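Okay, so here's just one chain, in structure tokens, the form predicted alone.
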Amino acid sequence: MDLRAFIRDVPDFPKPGVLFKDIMPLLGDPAAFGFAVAELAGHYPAGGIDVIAAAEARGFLFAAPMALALKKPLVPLRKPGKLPGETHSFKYDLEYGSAELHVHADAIRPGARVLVVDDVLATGGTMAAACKLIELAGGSVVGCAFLIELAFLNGRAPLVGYDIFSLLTY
């Protein structure tokens, strides 16, 4: 299936000069969405993964059905104040400011093999922070999976040393 047919280009969003890759048409087509999830999940043998993690919010859209398909627990990485109880956190810099991710302190057992999933690899900052948080929590990142990679933004640079898989590359 040609998934590119389900990715809509939106010019000048969210600001002038940006060509936004909109995944909503893909999400709105059950066959295309199911195919994308199956292709992402199929790239990873279930025996090599203990946990699937994703940073909010759109990463959840692909990580949750992948976790079901691979019969693995889903661990959400959330913004501050969204998880009750004890958490590990990791602060990171963005192009214009900073952000922070949290994970429950008991969500990842020491040595757990974790696949981290997101919808788009752009500059790599959020995924790099997610990987650092997983490692801080005691896990080992076995891969970073994306629906789309925007190669011209060089998002692989902050992820050197991690296995990266993208279904679509622009």
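Position 1 is the first residue in the sequence shown; the rest follow in order. Please read all numbers here as calculations on a predicted model, not as lab measurements.
A second form of this protein, the form predicted in complex with a small molecule, is not displayed here; the remarks below concern that form.
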query = Applying a 4.5 Å heavy atom distance criterion, does Ser140 contact the small molecule in the predicted bound form?
reply = no
| task | Tell me, yes or no, whether Phe20 is in contact with the small molecule in the predicted bound form, where a contact means a heavy atom of each within 4.5 Å. | result | yes
Quiz item: According to a 4.5 angstroms non-hydrogen atom cut-off, is Gly34 in contact with the small molecule in the predicted bound form?
Solution: no
Worksheet item: Closest heavy atom of Gly124 to the small molecule in the predicted bound form, within 4.5 Å or not?
Response: yes
The stretch from 46-54, 125-133, 65-73, 97-105 that lies within 4.5 Å of the small molecule in the predicted bound form, judged by heavy atoms, is 125-133
Answer key: of Ala41, Leu61, Leu26, Val120, within 4.5 Å of the small molecule in the predicted bound form (heavy atoms) is Val120
